[in-house]
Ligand SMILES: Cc1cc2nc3c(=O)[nH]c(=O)nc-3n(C[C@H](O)[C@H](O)[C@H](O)COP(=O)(O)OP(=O)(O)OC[C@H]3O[C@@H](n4cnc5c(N)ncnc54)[C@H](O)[C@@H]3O)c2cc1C
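Quick setup: one chain, the form predicted on its own, written in structure tokens, and binding and motion questions come after.
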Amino acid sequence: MTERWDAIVIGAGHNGLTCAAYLGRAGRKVLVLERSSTVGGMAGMRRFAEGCSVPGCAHLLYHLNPRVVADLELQSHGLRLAASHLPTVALDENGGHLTLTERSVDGPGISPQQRAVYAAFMDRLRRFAAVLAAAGETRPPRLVSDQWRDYLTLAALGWKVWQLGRDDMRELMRIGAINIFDVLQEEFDNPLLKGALCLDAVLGTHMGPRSPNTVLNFLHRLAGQTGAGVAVADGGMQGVISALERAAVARGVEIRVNTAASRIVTDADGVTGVELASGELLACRMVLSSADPKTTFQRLLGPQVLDTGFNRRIHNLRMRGTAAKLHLALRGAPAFRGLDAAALGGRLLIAPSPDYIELAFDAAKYGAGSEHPAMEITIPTVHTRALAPAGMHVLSAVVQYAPAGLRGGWSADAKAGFMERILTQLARYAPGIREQIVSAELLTPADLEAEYGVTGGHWHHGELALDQFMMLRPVPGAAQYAAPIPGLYLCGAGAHPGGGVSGTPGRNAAQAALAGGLRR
């Protein structure tokens, strides 16, 4: 160990870069290690066909934290939005689509009364989501603690809930842990509208509309939609990653790509460094891992360093990925039946009803890919033409459900069969799309695990559920970013407040590290 760092950050995804930039801003000597040849992780761009690039996983901005944008001056480092407040189009096979915005819904079969109910419903849930958003800004409190900071955090959270008022407090307590299906049944009659809202509650999860905690997932998604709503960065997700990279480098952070960490090195007093796959040892005072909790504790640290109870909790952490990613290079823009070409820049959903999504999930529960998958579709080239050659477009879709633990495994034949089901479903809505395809790529959860190193291919590094939420995320003993081993912190989506391209876990982990041991 010839050079010593204040902190080494493992992983140059958006949270790792955010964490490193905050530490660099505080004057610390920081090194970021990235095993792949480019930064960005699951939020990075990938070239999947000649001249065609697409976001590898995340393709829309739901959660980017305004504080991160301001603190790291990301706009001065090139961050721009190509589009904001994107509408959602709930696709109908016969062309009777619904258009949803933050407070309005319009389309066939939507009465003025239903529009008013929708606006009131979304307003109420956004008030609930604001409580989660506020809680996400701080280190989650311990319920049993001797630290005044934990009591202040709990008091602040209680104050936010109290400010909702009696009726809203009761409603939040009633629906907070239940399933989205029952809540929507109380409010709406239109199956297409309910299907669109259900899909928002289950995207990226191993849950169906009737699963508990899907209201919590829906609120988590809404919690990040402040200011710009659902947005697209100029240049796609690469615009966000490039701005974060520049912000980190401008603050003295060193980033090494093609450099894989193989082991977190410890002694009796805690973390002492990181061993690389090459065998090189790097000394540091602290390690902040943006890898998922299972990768961090089971592979990089090793179970022999941790006590039995903690190992058991990490082993039982639920990380069953069921979301696949589809990329298509197309000759020309796709034509969806009954959809105006101007609407191609929004979110396009194939989720005809809650029952449709539940049946799609049923297959995944038993280790099979959905016969009729649900999808969130975007056409990134509508906003960033540079992602494809002239005359071409790229389609990016999140596909539910493709279980990581597919019976028989994700062989070439299994992937081809699932791809065929996806394309068949797409063709029902965009009849000529097969003839437009120049190249296609399907990333299953098994592919995501192999390429991005995330256990189970789970997009959010662990299910967002009440037993894996706030002061329980990812598990007791590591819920305030600090691990049981002194000098080790979690800064990825497996930590509070969870997944989404927000930068919040990275920001909060950096603050926890600065408060806990990187003072000068």
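The first residue of the sequence shown is number 1, and the count goes up from there. Source: prediction; values computed, not measured.
Unshown form predicted together with the named molecule; subsequent notes refer to it.
Contact with the named molecule in the predicted complex, defined as a heavy atom within 4.5 Å, holds for exactly one of Leu488, Cys57, Val68, Ala465, namely Cys57.
None of Arg299, Arg210, His372, Lys415 but one reaches within 4.5 angstroms of the named molecule in the predicted complex through a heavy atom, and that residue is Arg299.
Heavy atoms within 4.5 Å of the named molecule in the predicted complex are found in one stretch of 192-200, 285-293, 336-344, 70-78, which is 285-293. Interface residue remark: Val438 is not counted as part of the site for the named molecule in the predicted complex, having no heavy atom within 4.5 Å. The closest heavy atom approach of Met42 to the named molecule in the predicted complex falls within 4.5 Å. Taking the partner from the other structure, the named molecule in the predicted complex has a heavy atom within 4.5 Å of a heavy atom of Val454. Within 4.5 Å of any heavy atom of the named molecule in the predicted complex lies no heavy atom of Ile180. Using a 4.5 Å cut-off on any heavy atom, the residues of 14-29 that reach the named molecule in the predicted complex are, in sequence order, His14, Asn15, Gly16.
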